[in-house]
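For reference, the chain that follows is the form predicted on its own, supplied as structure tokens.
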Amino acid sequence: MNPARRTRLEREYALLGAILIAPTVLIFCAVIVYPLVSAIYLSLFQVFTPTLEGSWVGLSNYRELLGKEEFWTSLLNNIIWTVGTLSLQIIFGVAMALILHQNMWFRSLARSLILFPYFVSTVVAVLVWKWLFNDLYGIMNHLLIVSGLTDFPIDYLGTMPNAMISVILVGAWKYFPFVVIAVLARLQTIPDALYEAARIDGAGPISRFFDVTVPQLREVLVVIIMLRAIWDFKEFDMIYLLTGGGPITSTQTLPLLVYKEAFKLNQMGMASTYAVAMMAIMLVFMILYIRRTRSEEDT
């Protein structure tokens, strides 16, 4: 082929590729790049939310953030929520995946029903749990009083540490099916020969679990933990609908603090500062996740 013609064809193919990828790039810039740049820009101003008018303050918002006790309290609550709900998701998810992996009656039906919490709307789930937790007519208090475990109703969402424990339990219930799906998929790819070899060597069920199952699940569990940590860290709607961050600020996490600053205190600049700080924290998890997935691809 003529070199000049080949060069022209390469330019045409490059132009065609640019045209095909342009819609994706535009959507990416519209939904990710622009909001991110806007948040960083607004964090350098003191902005009044209703009018979006404000004045330049530079890094003063960040200095104020580091000195605010409410920020550190919300960050601590965020860590407690993330670690607590993630730990329960992993424990319950792995246990349920191991059960559903066994040959049992109605296994297909059980696998379908276990996904119900993950697919149900967050609003519906919160309404159901708030009814269960109600201190006047909730079934949880009714069962405890009838069984004689307590003489008085328990305020699950209005006192500490009950509120944080309740929120963590609801979060674990809502999202553990994701762990079940991922772990169950990995369990089905583990060769039976490994378990058979372990049985021949005299390994019991517990030994087979720790010597065969756990090593085979390690890679997928690392990815699950990183993904769920990112998603749980930015959770807003469930906590807001359950407690609104209360009592006082006992269950207030960083997403709720951003909402409070932006739409209750009308301080959009400070809210953007909190959002940027939250993004920086989440960036650590994202870098770890990207490095982990790249290392798996290399191996």
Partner chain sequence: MADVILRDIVKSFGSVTALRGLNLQIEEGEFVSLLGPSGCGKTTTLRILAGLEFPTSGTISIGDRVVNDVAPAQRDIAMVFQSYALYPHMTVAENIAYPLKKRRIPRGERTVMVQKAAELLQLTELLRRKPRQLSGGQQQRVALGRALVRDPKVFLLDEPLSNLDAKLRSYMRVELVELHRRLGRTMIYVTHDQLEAMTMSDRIAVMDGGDLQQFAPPNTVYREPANRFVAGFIGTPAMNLVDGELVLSGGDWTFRTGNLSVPVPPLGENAAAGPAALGFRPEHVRFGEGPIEGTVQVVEQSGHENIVVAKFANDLRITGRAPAAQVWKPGEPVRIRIDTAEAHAFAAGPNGERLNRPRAAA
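None of these values were measured; they are calculated from a predicted model. Numbering follows the first chain given and starts at 1.
Absent from the display: the form predicted together with its partner chain. The rest refers to it.
Go through A172, A229, A198, M96 and name the one with a heavy atom inside 4.5 Å of its partner chain in the predicted complex. Exactly one listed residue reaches within 4.5 Å, namely A198.
Under a 4.5 angstroms heavy atom criterion, identify the one residue in I145, I91, A203, I80 near its partner chain in the predicted complex. That would be A203.
May I ask you to state whether L76 is within 4.5 Å of its partner chain in the predicted complex, using heavy atom distances? Residue-level check for L76: no, no contact with its partner chain.
Mark V212 yes when one of its heavy atoms lies within 4.5 Å of a heavy atom of its partner chain in the predicted complex, and no otherwise. Although its partner chain is absent here, V212 would touch it in the predicted complex, with heavy atoms inside 4.5 Å.
Its partner chain contact in the predicted complex: A193, any heavy atom under 4.5 Å: It does: once its partner chain is placed as it appears in the predicted complex, A193 has a heavy atom within 4.5 Å of it.
Evaluate Q216 for contact with its partner chain in the predicted complex, applying a 4.5 angstroms cut-off between non-hydrogen atoms, and reply yes or no. Contact with its partner chain, yes.
Could you tell me which of 156 to 164, 68 to 76, 203 to 211, 83 to 91 sits within 4.5 Å of its partner chain in the predicted complex, going by non-hydrogen atoms? Checking each option against the 4.5 Å cut-off leaves 203 to 211.
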